[in-house]
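The chain below stands alone, shown as structure tokens; this is the form predicted alone.
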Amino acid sequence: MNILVCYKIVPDEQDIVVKPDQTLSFDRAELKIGQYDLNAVEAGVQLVEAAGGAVTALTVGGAEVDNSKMKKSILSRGPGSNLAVKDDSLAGADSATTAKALAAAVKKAGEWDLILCGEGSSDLYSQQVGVQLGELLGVPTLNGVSAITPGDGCVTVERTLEDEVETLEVRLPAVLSVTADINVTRVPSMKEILGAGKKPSTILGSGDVELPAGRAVETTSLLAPAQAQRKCVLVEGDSDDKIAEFCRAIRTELQ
């Protein structure tokens, strides 16, 4: 089974600084592989370990996709190769543009049976790229997949719904978006990290693939939610006097 696993390089949210005017500063933010995409990578690697085949990591974006640390990071987690489309127009692209660029890259990836995506990106979390990609490729597409079992020319998947678990047989080729609880992602060993540098990584440009012209959605601003200062009054104890004091404090605030 030949599997393509889509991933996105995002800024580490722990390093993002909220400025007084509610704008965000990414100046000190390190890059990382999106957390939900790591579940897709792990799912792909586990399928190949069970049924044989190969896993290729696939991404599109700006200069960050050619970052050597990011290439090692994704390849150390099991994929045998990496394929990326690099173009300035793809930096911060909306979901529709991203899906179209991925579809163009898939045509350069050779034969494939299954494409896996995370349930959403760690930065925007629109949860749209996987289903749009499947529609563009004209293959069966499912999201919310919480388990995958390989079969003969198909996979059996589970989708955990609100009150039930749905089990479906999906003929290949197909595109699946997996949930975060499908697995526990592995931590690469030092041997795997060192070995990742020897795996092939191909970077394509606008001259190699047909990229979408323009964007369907343009971001006009990006602001953090307004921070509300919450008042905290601590009343210690459970005596009648303390309970009465607690009630008085509440009545005072409600007046």
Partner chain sequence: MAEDRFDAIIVGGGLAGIAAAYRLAQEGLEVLVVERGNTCGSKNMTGGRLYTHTLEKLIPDLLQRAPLERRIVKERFSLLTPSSGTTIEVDSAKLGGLYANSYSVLRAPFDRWLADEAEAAGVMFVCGVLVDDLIIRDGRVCGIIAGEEEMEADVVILAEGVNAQLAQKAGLREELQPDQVEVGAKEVLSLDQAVLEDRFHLAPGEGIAWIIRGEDAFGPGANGFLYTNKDTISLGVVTEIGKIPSAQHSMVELVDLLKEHPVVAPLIAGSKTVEYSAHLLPCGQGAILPRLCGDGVLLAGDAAGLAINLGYVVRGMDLAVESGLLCAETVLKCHETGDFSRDALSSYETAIQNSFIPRDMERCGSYAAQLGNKALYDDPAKLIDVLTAVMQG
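Source: prediction; values computed, not measured. Numbering follows the first chain given and starts at 1.
Quick note: we don't show the form predicted in complex with the partner chain, though the next part is all about it.
Contact with the partner chain in the predicted bound form, judged as any non-hydrogen atom within 4.5 angstroms, is confined among 26 to 34, 201 to 209, 41 to 49, 55 to 63 to 26 to 34. At a distance threshold of 4.5 angstroms between non-hydrogen atoms, Ala216 is out of contact with the partner chain in the predicted bound form. For Ala224, no non-hydrogen atom is located within 4.5 Å of the partner chain in the predicted bound form, even though that partner is not displayed. Interface membership of Lys72, defined by any non-hydrogen atom within 4.5 Å of the partner chain in the predicted bound form, is confirmed. Using a 4.5 Å cutoff between non-hydrogen atoms, Ala244 does not count as a contact of the partner chain in the predicted bound form.
In sequence order, Ser189, Met190, Lys191, Ile193, Leu194, Lys198 are the residues of 189 to 221 having a heavy atom within 4.5 Å of the partner chain in the predicted bound form; the partner itself is omitted from this view.
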